[in-house]
Structure formats: structure tokens, C-alpha cells
Ligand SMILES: NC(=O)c1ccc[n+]([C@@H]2O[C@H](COP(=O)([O-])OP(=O)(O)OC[C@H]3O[C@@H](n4cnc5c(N)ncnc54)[C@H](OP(=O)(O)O)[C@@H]3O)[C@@H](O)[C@H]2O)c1
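Just the one chain here, the form predicted alone, laid out as C-alpha cells.
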Amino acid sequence: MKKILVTGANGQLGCEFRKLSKDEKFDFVFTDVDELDITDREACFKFFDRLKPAFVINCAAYTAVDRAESEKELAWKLNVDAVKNLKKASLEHDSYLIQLSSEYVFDGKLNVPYAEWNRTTPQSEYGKSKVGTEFEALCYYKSLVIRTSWLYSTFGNNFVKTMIKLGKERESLGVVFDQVGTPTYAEDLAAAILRIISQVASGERKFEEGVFHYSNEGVCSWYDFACAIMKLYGLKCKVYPILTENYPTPAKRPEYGVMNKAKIKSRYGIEINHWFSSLERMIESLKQSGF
């Protein structure tokens, strides 16, 4: 049975892999920093020597976008140096490496969905570190980088859960409407990655290295997203649109972060749900869990 190593397994995406792994015909090994510190080169090599994974999915990352402005070295260590270690360990064992990245590698100045070949122009330290992530991963011939955006899940902390908590506490709140992108349900992303691995492992499709985009389908602003969350959860909190300039943050966000997913759909036959239907499914799961 082929082994799949999932790093950063306690995060949103890692937890979704744990949930979906029960239905997969692979031997999954889940690690977080307590089991494997991927910033430690020697620890990575020793772990790989014991495990000999066929596939590596790196969900570990520094994702504190605003703090990265003042914690550049830490962001670089977790997003770049750690990927370098995983890349070298994967090379030693001929493992396939699947690395996550972000729409923050773009400046958001386009008005059409970003394709994989569009030039990376990050505006923040976090975005710069993710460009470094991609560079390290793509130096390896058996690596696949998946850029995603606005990730949320029933696990961990995210925008959806924050809006629900605020919606229960407040009568109204303001949310920016001049930043546009596409939400991504982490369960959908995890399922897409496992479909790719299954196809490659079975010989149904060849592994195609390079950069791929994945988010749910459709387009919305953070304001639209927040309105949908309130409606689907049944909250009466009124959401008002505000400009980014009225909600200043240390890190600059892309104004337009919509990505073109044609490549992953055609090369790997991936079907993608619309963001609203996925949000509806996620919120129903939250309600059932008593959130």
C-alpha cells in the first residue's frame, strides 16, 4: 500500500485529509510540528528514511498574513526553508511532492482571472514568502504546486467561523467589498488533491508537474461572502459594505484574486463546486456539530 505523508496535519486542510483518509486506499501518515519539524533538515531526512513515502502533501505553512510584515524571518523559515528540506528529502526517495500556495503571489491588478503563467508580483511579505515556496518546490521535477484562495473549513479558525461568532454577538458589522476573489472549502480542495493522487497511483493519468490553480467556482467580495454566511446560518446581523481604506491592515491584500482553474480541470479531470453550494454544505456540517 502506497504511503502518503501529510505535514501540517493539525491545520484546516490537514484535518480535512484526516477525515477523507478513511475512505482512501492508501496508508496515510499525519504529522505536525510535534511529530516532524520540517524546518529541521536532518529530522526530515531521518523521517523519510523510515517512512519512504510515495506522496508528500505539505499543508504546513506560515499563514499569519499581517504578522508576516514584522516576522519576515519566521515566515521565510516555515514557507521556504522547510519546503527546501521536503524537496530534498523527496528527491532522495523519489517521492511526489504536492505543495500548497496562495493567490497572494499576485498583486491583484488584473480584471480577468489569473492563469498559472501570469507573472508573480506579491505586495506583502507573506506573498513574497509564498513565491519562495513555489520556487523551492518547482526546482524538483516531481512537484506540483496548487495555488488556492480564501480557505475555510469546519476545522480551525477562519473567516466563516469568525463571521458566525460576530453575527451572534452583534446587530451589524462592516466588511470590505472592494476585494474580490473566490472562497475555497478545504474539504473540496483535499478531495481534489486525493483524486489527483489516486489517478497517478493507478496509472490512469501521468503526473504533471508545475503550477495549478484551485478554488471553488464563482466570484464574490468579502462582503458578499459575509452576507451569504449570515443568510445560510440564519443570523439577523446586518452586514454593511466598507472600503479597504476604512479597514487598514499591516499587509496589503490583492484587490482581485480570482484564479482560472481550466488547467487543473483539463489535465486532471477535476470537477469544481460553486462556492455558495460548498459554503451551504459546510455550514450545515457546522450546525450538526453544534457550532
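One-based numbering along the sequence shown. Computed from a predicted model, the values in this text were never measured in an experiment.
This protein has a second form, the form predicted together with the ligand, left out of what is shown; the following refers to that one.
- Though the partner is left out of this view, N85 does not reach within 4.5 Å of the ligand in the model of the complex, counting heavy atoms only.
- At a distance threshold of 4.5 angstroms between non-hydrogen atoms, A137 is out of contact with the ligand in the model of the complex.
- Of the heavy atoms in Y126, some are within 4.5 Å of the ligand in the model of the complex.
- Using a 4.5 angstroms threshold between heavy atoms, A262 stays clear of the ligand in the model of the complex.
- When contacts are defined as a non-hydrogen atom within 4.5 Å, none of I4, A89 and S95 contacts the ligand in the model of the complex.
- For the residues T154, N216, S143, S101, the 4.5 Å heavy atom test against the ligand in the model of the complex is passed only by S101.
- Here is the short version: of F207, W76, W150, F177, the single residue with a heavy atom within 4.5 Å of the ligand in the model of the complex is W150.
- Only one segment in the set 35-43, 227-235, 48-56, 240-248 has residues whose heavy atoms sit within 4.5 Å of the ligand in the model of the complex; it is 35-43.
- Heavy atoms closer than or equal to 4.5 Å to the ligand in the model of the complex belong, across 52-76, to the residues C59, A60, A61, T63, ordered by sequence position.
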